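Taking the form predicted on its own, here's one chain by itself in structure tokens.
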């Protein structure tokens, strides 16, 4: 790696001891020698194994649950249903006042996606728990399901989540998160060229080497230690406290080592029910996803649809941009309302455009709930925006990199969400990319600066 210190020298200190200096990762020796301990490396006397009975349907009403045969199975210690969970309806972003609570720990009355947890079985061995789970009898009334976001938004579509009463998240700005800047219709009217394109993505599974899970140990005095591979330690502890209606100081979470996460281990799915199992049995409990569960049950990156309409001048200036974005939350909110909001702030891209109109929808469907994954709400939008930039450059016969130089935002430019640009450095990054890729651009672009428009 080469550091270019000629840029922004007046804004940087070079006498720092840590920042800007190469340092070995503290966890590297343990990883390369095999000494790193993961949560599942622990074993405790009398540990029970938890397995879930999951819905085979995308949308169904639960008529009845019969656990009698499962309770008789050798090795079974405890069976849990929704009635055993102190605060069964929750949503993980309630910690930052994003509601309503819309997801069940264990399904109560309905299931809204294929794989939703309905009954938890705790047994002496993993095999006994699996065999007993297979003996739980659930009578379902299958209901119409909706899997396409635009179909979900149509009048008369099956309601996915009654806690919302509609198939979209209601922001304070209405049915979608909105950004308005300038007069986009006037911008389109004055443009030399127009281009409207649609971009779509499918859900993407994180596929970590280590599957999601935790081990919970009762410590006496109604205190519990939870060994977990969550990526969000205090976030998970606080949500578990809400679900279990327990003070947080009764819960001790131990983590720090995650065998692959990428945002996929922040949803607080395994810890609350495992702690509840340990509390009701007085024994350690292990709840670890199988590989099949990790692929089907853990939340993926959301499927997205992005429609971009641009007005551009012959000289390369984008004068108007209108974006409509759709984020498929699946059956429950989790992090998706936040992801769609991030998209609304980001969709104009790192470009100065005088007229911008953004609508982003967080849509509920009967698919696996989606959530965080590496820049969620932004990554797919970036793909769409940059492909659109290439198409616009081609439309007006301009080099795609030079086209980006013309539109790149610089310090002091006002962004569409009315925040002034600071520390942009986009011009300088593109200049270095041009050199590294041996991609020639006109000298006037190599002389540009992020500091000022005239430079």
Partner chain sequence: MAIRRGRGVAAINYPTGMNLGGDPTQALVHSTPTGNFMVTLSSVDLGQGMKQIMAQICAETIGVPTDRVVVDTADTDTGPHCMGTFASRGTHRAGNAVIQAAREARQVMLEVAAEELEVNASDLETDGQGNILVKGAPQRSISIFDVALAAHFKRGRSISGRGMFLIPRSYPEKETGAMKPSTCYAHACTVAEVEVDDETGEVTVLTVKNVFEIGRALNPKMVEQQLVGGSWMGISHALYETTEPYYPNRDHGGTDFNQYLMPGPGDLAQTEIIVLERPSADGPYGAKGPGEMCANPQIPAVANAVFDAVGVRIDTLPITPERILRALKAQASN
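Throughout, rigid core stands for the largest set of C-alpha atoms superposing within 1.5 Å between the two forms. Numbering follows the first chain given and starts at 1. All values derive from a computational prediction rather than experimental measurement.
If you look for the form predicted together with the partner chain, you will not find it shown, but the lines that follow are about it.
- Although the partner is absent from this view, residue 286 stays clear of the partner chain in the predicted complex, with no non-hydrogen atom inside 4.5 angstroms.
- Using a 4.5 Å cutoff between non-hydrogen atoms, residue 442 does not count as a contact of the partner chain in the predicted complex.
- With a 4.5 Å cutoff on heavy atoms, residue 260 counts as touching the partner chain in the predicted complex.
- Not displayed here, the partner chain is approached by residue 291 to within 4.5 Å at the level of heavy atoms in the predicted complex.
- In plain terms, the part of the chain that comes close to the partner chain in the predicted complex, with a heavy atom within 4.5 Å, is 198-206 out of 154-162, 273-281, 117-125, 198-206.
- When the partner chain is considered in the predicted complex, only one residue from 378, 89, 145, 242 comes within 4.5 Å through any heavy atom, namely 378.
- In terms of contact with the partner chain in the predicted complex, the residue from 106, 79, 215, 149 that brings a heavy atom within 4.5 Å is 149.
- Contacts of stretch 15-48 with the partner chain in the predicted complex, defined by any heavy atom lying within 4.5 Å, are made by 16, 17, 18, 19, 20, 21, 22, 23, 24, 25, 26, 27, listed in sequence order.
- Residue 442: CA moves less than 2 Å between this form and the one not shown after rigid-core fitting.
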